[in-house]
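The chain below stands alone, shown as structure tokens; this is the form predicted alone.
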């Protein structure tokens, strides 16, 4: 069945490019991907998949870091203004975005699931012509939101493999579940998809990422290592404001408590058995020079090479938050707003993928695995499948990068789309 795959992909390359550029223009942050979800459903509607949206996609209580009701309402109104039908929006109300598409070939075979993340980042995209999307007219129309991590490409790859499955279903066997996942950024959405049961009974799970590090188009890494476990924490310190000249002794200084916490968070001893990380990325406090600050807010993250080592970092971080609050006699309130596990690609795929893709003209250089040294909530899906006795992989699709991930000038080579679709198609055809 492998014959003709690359010829089929060649006939779809312009379509892949169009999907990517249209998705790039409607970039939306996690749990607010209303336009994106509608776009994906439109592209899948005629392919024969059973499509699941709204609360069917995620377990609501298992989501991390859901925006406030006011934020969600504002994004829903934006999507309505941009043409998403009111009845379709109603089904996603409250941040229930994303799509799960299922196709059963009717023939006995493996249950294969694939994950494609669809969210963007809260970044104002570069408007200068040095940035290709700006130069060629497909810069994000949603100001302050940008596909700065390649998820527009990931969603495109998902649409491409959906078309492949639909058009080749008479030759394929088993069941295919394609997960277009919301809110990967911040490690917020995958757990809720798992809790809804979409990975139950899956025999093999395929996923991947564009870029990570610059590589030529045509490069494929069969697997990944060092996908770090992570925890994202928001912390609020509440003290008491007072006049800094007349009654400084009456105030309870939340800024000082938070400052002490920041210094002590960054002094946590690294774990002796593997890499650990901590970063405070946001600090807000105070309202004026003559006012004892009564409120302070921190956003930070921990990471670890294993789930256990990240747990160590998280527990130590919480101790320091509570200690700083106690020292300055202020209240502390913190919330886990995102979390990801550690995971590794199964050795099975490290052997299978080079063989399965050997006939692909698009794939020119296959490597064993890449050290990611970042975090991804796809690990919830990988681990769930592996715990059931299934197999999972996380590939890397090579591309040059115009700037680093999460940068306002981030961009990648659209030739990598065909490489990724070719890799997935050849793996499916190799069964």
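Computed from a predicted structure; not experimentally measured. Positions refer to the first chain, counted from 1.
There is another form of this protein, the form predicted in complex with another copy of the chain, and it is not shown here; the text below is about that form.
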property: Residue 406: touches another copy of the chain in the predicted complex, heavy atom cutoff 4.5 angstroms; result: yes
property: Residue 372 within 4.5 Å of another copy of the chain in the predicted complex, heavy atoms; result: yes
property: Partner contact for residue 348 in the predicted complex: another copy of the chain, 4.5 angstroms, heavy atom; result: no
property: Another copy of the chain contact in the predicted complex: residue 248, any heavy atom under 4.5 Å; result: yes
property: Listed residue (167, 329, 143, 71) with a non-hydrogen atom within 4.5 angstroms of another copy of the chain in the predicted complex; result: 329
property: Another copy of the chain: the contacting residue among 240, 266, 311, 173 in the predicted complex [heavy atom, 4.5 Å]; result: 266
property: Stretch in contact in the predicted complex with another copy of the chain, which is absent here, among 320 to 328, 195 to 203, 349 to 357, 79 to 87 (heavy atoms within 4.5 Å); result: 320 to 328
property: Triplet 36, 42 and 100 all within 4.5 Å of another copy of the chain in the predicted complex via a heavy atom; result: no
property: Interface residues of 271 to 298 toward another copy of the chain, as seen in the predicted complex [heavy atoms, 4.5 Å]; result: 271, 272, 273, 276, 277, 279, 280, 281, 282, 283, 284, 285, 286, 287, 288, 289, 290, 291, 292, 293
